[in-house]
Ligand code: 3UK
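In structure tokens, the next block holds one chain alone, the form predicted alone.
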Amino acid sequence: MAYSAHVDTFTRDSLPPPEAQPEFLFDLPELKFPERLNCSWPLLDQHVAEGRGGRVCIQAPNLRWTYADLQEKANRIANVLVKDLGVVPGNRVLLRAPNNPMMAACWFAVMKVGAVATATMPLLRAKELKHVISKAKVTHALCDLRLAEELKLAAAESPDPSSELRHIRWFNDASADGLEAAMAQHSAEFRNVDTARDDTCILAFTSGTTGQPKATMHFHRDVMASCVCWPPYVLRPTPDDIFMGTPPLAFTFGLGGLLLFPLAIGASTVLLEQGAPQDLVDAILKYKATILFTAPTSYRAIAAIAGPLRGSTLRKCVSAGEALPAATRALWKEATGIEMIDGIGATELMHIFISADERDALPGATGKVVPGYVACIMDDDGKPAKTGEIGKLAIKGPTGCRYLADERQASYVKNGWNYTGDAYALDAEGYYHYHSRTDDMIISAGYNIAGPEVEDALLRHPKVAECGVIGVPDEERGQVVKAIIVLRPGNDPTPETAKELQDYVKQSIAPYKYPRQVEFVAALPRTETGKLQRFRLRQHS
């Protein structure tokens, strides 16, 4: 490890021991990062230094910032952090806001001062924020004033003096006590802290699809590695592209797709606080967006009103965050003419590591391994599975899992591999086919049934808006398939409808896979990033 710039050594002291960490690979020339690296420089400051400060960087309703504008805001906030709030390198700074320009400026300010950005989803309540504050030992926060209530409750109820949140500054606040007023009192110049490439700069909390969220630790080099692997080799954006999407910046899918990737190449991004289907379609047309990032659920919801996007400026659509059903891919292409770019990533590895571009997309397959990474399908004995066999997906690359003080490190990292918790199969052409989460495989009367396959069949029926499929205990079969379904408006949740859907699945896929139990609900439990929380479905079944 290079000499750390951190004065507060909490994150470095809390790293898993080397033998518990995955093997890291830096084979690509682009991954040879210098020992001293602050990711704010290549993502922001270098553009200004090399004469690109006048390029548009961030747009939002009634706002348009250039790279020079964003640098100025970030520098002023950095001065507030250091001179007013006493932040030292290594402190954890909680960030809390919808996707907006000030949130981006605050993130860069935290990078500049050598602190650790701990971003939180806007919908988190005080109980969940308390967990973040305690786990990360957060002492400082920058928060959108509109989200103040829950953070105030969490800060007041913190039981651990060592993780007491002492300093909060509110932004998008017009008062004399707001962050903007403090920024006005400070210089627009700031010299970035000379951080090491392996200084932690992000504590990213997992979205909690399997219960208690875990804190993942990422270095400055991890941030830049995510920018030089998947984007140039699969997405292939240009500096003239305009990025847009729905995932929160607190989610690494959103941080990469809506901030890191556009800025890494001098492109621009549009940050929207509202991502409802009609809002998103209107914004794509208004801002002439060219690249869209969102989850499969969102694509399916937008498809019905996506007609105006056909022939628009939109040219690339990226799906990640959960498995992309083939039915949703087909629906989107029919509506817009655009073939989706699918990908699987993980908070533990920062971003996407298996994907295929729109030219090489294979319906039903996630894609191939992204340059910089290697993958292997492992059997139950930890040995490579045969081609076509379903096994556990294991990954190595320039990024990898480092949980903060969490015993689950041992189950995620084994023999140098990151085990993502996904069941995949590899075909003879090198495409990886998703089957389920490894804890979602349903075993019924000796048959292995992948829940997402049943979901995909159900989603093809015109009456189904959303669905989740789980296995529930059964004395005779061990488990049976249960479908929890949200119907499209105008359809009645009757036994006749349930039988119609069951018969439809029998005709679509192997009959033994049909859902023997059907429950109709008004909405499915999802994380704020759109992922279906199957553990909650199982808890209530």
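Residue indices: 1-based, along the sequence shown. In this text the structure is predicted, and so the values were computed from the model without any measurement.
If you look for the form predicted in complex with the named molecule, you will not find it shown, but the lines that follow are about it.
- Contact annotation for Ser319: at least one heavy atom lies within 4.5 Å of the named molecule in the predicted bound form.
- Within 4.5 Å of some heavy atom of the named molecule in the predicted bound form lies at least one heavy atom of Thr366.
- Using a 4.5 angstroms limit between non-hydrogen atoms, Ala323 touches the named molecule in the predicted bound form.
- Proximity of Glu455 to the named molecule in the predicted bound form falls outside the 4.5 Å heavy atom cutoff.
- The contact residue chosen from Leu263, Ala105, Met350, Ile202 relative to the named molecule in the predicted bound form is Met350, the criterion being a non-hydrogen atom within 4.5 angstroms.
- Taking Ile284, Ala346, Ala394, Ile242 one by one, only a single residue has any non-hydrogen atom within 4.5 Å of the named molecule in the predicted bound form, and it is Ala346.
- With the named molecule omitted here, the record of contacts in the predicted bound form names 417 to 425 of 458 to 466, 417 to 425, 122 to 130, 376 to 384, defined by a heavy atom within 4.5 Å.
- For the partner-free chain shown, Phe251, Thr252, Phe253 of 240 to 255 come within 4.5 angstroms of the named molecule in the predicted bound form, judged by any non-hydrogen atom.
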